[in-house]
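First comes one chain, alone, set out as structure tokens in the form predicted on its own.
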């Protein structure tokens, strides 16, 4: 059998016209129809492709290639018969949406105008190949950049053939680090792995801290388990600078100044050590660096950290005491606190707390983070990621966070002259939006987009190709938030002239006259070979069994307690409070320095958050029904800040800084503290007043660890729109 990977990074994990058809009765069971030819009825298993920790399982039924039933899996205990609001009407919202792209399109208007004309696949592929050959001959492979992310989490459609194609031509590598990498880097620094307490085991917890995560909105299948724990006596604490839907439901909402999580965690450590609340036996056996940590946190006393975080001293002290004394005590983190300069350090510091208190000893105690490492061990990852054996290791890398800089950098040699965008929408999701758009406007840049719709990015494309939806292609889906593996089988043939991402790159390879077999491997072959593993987590699982059942839970122990007796994946084998090889060796709170002029001109700290219920990042933000439910984007502003600016609730306002401006409706309420304003991410600029969205104001700075996006390091001023 091919080897399987014991560990896999979050970065590698990520690297990896329809008017004539309608969908009916999607939320209802299939209704028998007399005289129906059984050969025209097809029911398949599938799973949600979104970048979400839940990865819901579903079944879909088609009669004569029309979807007649689409429902959440009733059998998968984690999905538990429920999809989120974003996906309940997925066939109509995406697959059969009247605005879906049906044919390849070629730009005929100015870049950004969204003016295209239909073109055949043959002609479009030929024209793209001709221009690509010229670029390769003149500038070399590094003049080409793929831009993709987790628009699909499917292992096949995400980056299997595309990764091989770009490695083969020597294209610039994309650092796919905008989300999750700082968090993972921080936890890895302390624990050497990210997989801790598993989702279902939260029901055994009796003190739950949700730190910078909002499961009511963004992790909906974990929320019922949290509610069960509370019914059994657990206390729920939410630490979040924004009063989220989850914070409203909590027993205690702690609302620090954005970006100060590192200082808060270190102050908790200070209190625990000073009051002798640590589990000294666990510390002695399974950790290193306690002496250095004890000395280091002396500077993070509650008086100093109260001023940093804006929290009362009593709040910090009580939180530390309650957490250290409760059992089992659980801290749940995802990515919420990583988008700051201290992002990696924040996660590193928080990850120390369960080892300091010995929470790992107790079932339901410890740190709950991601689960992707389990799949990284179980699956044949080397076979899936063949590009790793093809790629030239000396090829340059470009951060997806700084795509605006890269597209506009006149000193970059060679300049990026060909951009391929798939599974992403950088004109919306990348920071420093106006700089990104300026780069996309370049007439000398060939931009090719694969998508379902004319997104804000596609409006700047030279060619747009219709991609298949999740109901039309094969895929295999792992999860970074739970432990179920899913297969996705097409329920219907591709609508119109849509093709899978993989097929686009196979066709392009053929048009380029490439002969390497690895560029033409079929989707089913990739899927089946990824399952070729003898790892115990997938004992008895084959393509046929997975296709029959749709999903399978990894074969992991019923009582998963990875660090009950240490067993950390660090170089020392212990939780590392201190490591001289790290920079810094112990997490430090290092705030971004602003000049007096900056603080005076832009006095408000900006939060741009994933608070929408009906969009996921920028996905679904063009669906009218969901847009109507979500409403236009609003700016949360504290009453005192509003009063100072003579802003009343419902007023039209402008938030601005040196990067750009965004027009919003003011919501005057205490969702944020004084000195902080908040707006949602995900809206398309082309569909909102003013033509700009949240990332027009954000920074493209990188985090201290993991080269993540420090999107929250932005300041603004807000004025009434006149």
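Source: prediction; values computed, not measured. Numbering follows the first chain given and starts at 1.
Beyond the structure shown, there is the form predicted in complex with a small molecule, which is absent from this document and is the topic of what follows.
The stretch that touches the small molecule in the predicted complex, counting heavy atoms within 4.5 Å, is 416-424, out of 510-518, 272-280, 542-550, 416-424. Contact with the small molecule in the predicted complex, defined as a heavy atom within 4.5 Å, is made by all three of 51, 261 and 467. Proximity to the small molecule in the predicted complex, taken as a non-hydrogen atom within 4.5 angstroms, holds for one residue of 615, 96, 381, 166, which is 615. Of the candidates 240, 576, 523, 385, 240 is the one whose heavy atoms come within 4.5 Å of the small molecule in the predicted complex; the others do not.
Taking non-hydrogen atoms only, residue 175 never approaches the small molecule to within 4.5 angstroms in the predicted complex. Not displayed here, the small molecule is approached by residue 473 to within 4.5 Å at the level of heavy atoms in the predicted complex.
Within 4.5 Å of some heavy atom of the small molecule in the predicted complex lies at least one heavy atom of residue 610.
Taking the partner from the other structure, the small molecule in the predicted complex has no heavy atom within 4.5 Å of any heavy atom of residue 360.
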